[in-house]
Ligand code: MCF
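Only one chain is shown below, in structure tokens, and it's the form predicted on its own.
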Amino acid sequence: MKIITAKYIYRDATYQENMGILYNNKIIKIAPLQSLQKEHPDIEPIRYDGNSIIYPGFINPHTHLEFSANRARLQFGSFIEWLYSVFAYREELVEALDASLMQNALQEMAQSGVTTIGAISSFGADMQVCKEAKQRVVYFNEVIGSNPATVDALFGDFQHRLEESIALADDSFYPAVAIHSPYAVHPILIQAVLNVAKSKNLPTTAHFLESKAEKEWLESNSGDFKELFAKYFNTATAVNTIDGFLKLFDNYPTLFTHCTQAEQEHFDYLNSHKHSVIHCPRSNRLLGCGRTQIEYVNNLLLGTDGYSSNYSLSILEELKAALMLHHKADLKLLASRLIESITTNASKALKLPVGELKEGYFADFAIFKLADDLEKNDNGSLALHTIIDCQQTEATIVGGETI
């Protein structure tokens, strides 16, 4: 057993002082440091001095490791331009992918405090790297395909990848399900995949209303997607409507990513069905998708997306971007909410014993040191300065071990 302490620990959305954490691979007890020392006089506490904060390990619920080979091959600026470049260079990027690129991406996330990752996997090339990762990985086996003639084959491929991932499941690797988007997956395939997810109680996620082009296509079979779908898929009609797509997920809380084109009525629907929204501000900006109206979201999460649509996978940089993007929000309240989005909110959405400093939860910690002259004042100040001042962790700990 070990005891760890710092000036502050982040617990129950507050910054508590003079506390210690007793742990092995899981948190055994959280109590005043003096009390823990009396109970365990033989354990010398691990101390982080100065204005240090012990956070639960951060959670990045949405990234694409399989596109880690991209740096400047894909076109940024507009979603449709980017999507055409994906069609043009996808095979090239897949061929250029190797384990070291994905391992470097995982390490970059670890340095920013991420101890749990949601990896969206389209074809399983990242499975072994994710299994061997030092962090915990929620492995989202993704299904994509809108042609009804290919539904059976696509479902069979999905089942094969899912069963492979289930065989690898343990306390660090969690099989899950991803449905690409309403424009790219046939409703029969969605229903089949959701039936599997429900039967096995697996987390689910989906991209939703990421771009104006997607919304126009789903609402009126028009816009920039019209030419693209005619060229690549020989179709003139969307396979889903917005409302029809959402109803498929009723009574099964799901993580919906992006939602930049969602309106208040959509968020109200998501909230009423206990869904979560993953906000990826840098990806949305680089692809010209607009601003997610997070003021309407009940359970907000924050993700980096992948190198396919971002220039780094640091969750700290994502926090900074979100802080600047939502300029009308109260600065300190927003900072506090963003910290919650990568800790307690993500824990709630994924239903895993991570993301909180709580007895019985995994001993996953992200430790940061703030400026010596910073006074606490309020919770918002510490949250704000964690976001704007920190570039990496003092230490990242997973299962009680520094990584």
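Residues carry their position along the shown sequence, with the first being 1. Small disclaimer: the values here were computed from a predicted structure and weren't measured.
One more form of this protein exists, namely the form predicted together with this ligand; it is left out here, but the text below deals with it.
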(request) Tell me, yes or no, whether R337 is in contact with this ligand in the predicted bound form, where a contact means a heavy atom of each within 4.5 Å. (result) no
(message) Is Y55 part of the interface with this ligand in the predicted bound form - any heavy atom within 4.5 Å?
(response) no
(message) Test of understanding: in the predicted bound form, would D126 fall inside 4.5 Å of this ligand by heavy atoms?
(response) no
(message) Taking this ligand as it sits in the predicted bound form, is L287 near enough to touch it, meaning that at least one heavy atom pair lies within 4.5 angstroms?
(response) yes
(message) Counting any heavy atom within 4.5 Å as contact, can you tell me which stretch out of 306 to 314, 99 to 107, 271 to 279, 248 to 256 lines this ligand in the predicted bound form?
(response) 306 to 314
(request) Taking 4.5 Å between heavy atoms as the contact cutoff, choose which of L83, L319, A176, V239 touches this ligand in the predicted bound form. (result) L83
(request) Could you spot which one of R90, K332, K212, K131 gets a heavy atom to within 4.5 Å of this ligand in the predicted bound form? (result) R90
(request) Check each residue of 53 to 74 against this ligand in the predicted bound form and list those with a heavy atom within 4.5 Å, in sequence order. (result) H62, H64, F67
